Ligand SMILES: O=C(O)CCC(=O)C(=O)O
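Starting off, we have a lone chain in the form predicted on its own, written out as structure tokens.
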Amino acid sequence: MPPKHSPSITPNTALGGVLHYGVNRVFHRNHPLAAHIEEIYYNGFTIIPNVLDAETLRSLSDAIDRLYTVQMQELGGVALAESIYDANNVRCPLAYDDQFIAIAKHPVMIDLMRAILGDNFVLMMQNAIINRPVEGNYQTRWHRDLNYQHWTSSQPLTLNALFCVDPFLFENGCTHVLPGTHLREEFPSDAFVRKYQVPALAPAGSVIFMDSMLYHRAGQNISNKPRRAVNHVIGLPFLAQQIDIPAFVGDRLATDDFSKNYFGYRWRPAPSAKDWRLAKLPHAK
């Protein structure tokens, strides 16, 4: 029981039931995904479930396995599998299969990108990931998806969208995150990592959104089945694409103004001063 003379405390409903003082600014977004946006800003990640249906997941799973074989064959059948850095990755699958274009333009993902990044953003990278049982995985090492960068920004510059094709479980090597590390320049100590790492557990069909500066890693898959996912890195246009998507696929994705911006057509460097001016002044001769 409380002390006899303890003060009565009632929730402050005007501030959402959380008591505080000396606070002049409170996070607020009038958006259907406001709670997820807030988690990205403060924790560096959020999970939205039930984004993809079972039929889509089955189709993506088959396509990822098929395209991995295709990309191994492009390199002679052995180089990709033997690469410690790129084994079990399918690079830019949207160039091979249109269902990955649909995933790259999924309305939930695009809506969240607009809410955080604004109207202009570009798909910097899409890759499909296979975390296989037992095999060594370079991605089990902690990293940022903007590699080798030790700085922070008051606003997110790039975001990851990781579509869970299979369930993300501890046993099959789900992604692990270090909440809040997108706000610090340096990588934390071993003791901090061991204490505060969090497994991002999620059912198949979920999307894990992260600030790309959040430290994260894949877990070790100790199950008997592979875990698949489709990752996207989406950022502001002053950052370069990993693969030049317009050069890779040609003009077939330049179907409307949004697609021209999003897939990078608008942001490609001009080959000459004249071309730059013609792009800005279409009426010029």
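Numbering starts at 1 and runs along the sequence shown. Just so it is clear, the model here is predicted, and its values are computed rather than measured.
Missing here is the form predicted in complex with this ligand; even so, the following discussion is about that form.
Stretch 210-218 is the answer when you ask which of 150-158, 210-218, 183-191, 99-107 has residues with heavy atoms within 4.5 Å of this ligand in the predicted bound form. For the chain shown alone, Asp145 is a contact residue for this ligand in the predicted bound form, at least one non-hydrogen atom being within 4.5 angstroms. At a distance threshold of 4.5 angstroms between non-hydrogen atoms, Leu112 is out of contact with this ligand in the predicted bound form. Taking the partner from the other structure, this ligand in the predicted bound form has a heavy atom within 4.5 Å of a heavy atom of Asn231. In the predicted bound form, this ligand stays beyond 4.5 Å of every heavy atom belonging to Ile116. Comment: this ligand is not present in this chain, but in the predicted bound form one of Ala95, Ala87, Ala202, Ile129 has a heavy atom within 4.5 Å of it, namely Ile129. Scanning Leu162, Leu123, Leu178, Val165 against this ligand in the predicted bound form with a 4.5 Å heavy atom cut-off leaves one residue, Leu162. Contacts between stretch 253-279 and this ligand, counted in the predicted bound form as any heavy atom lying within 4.5 Å, involve no residue at all.
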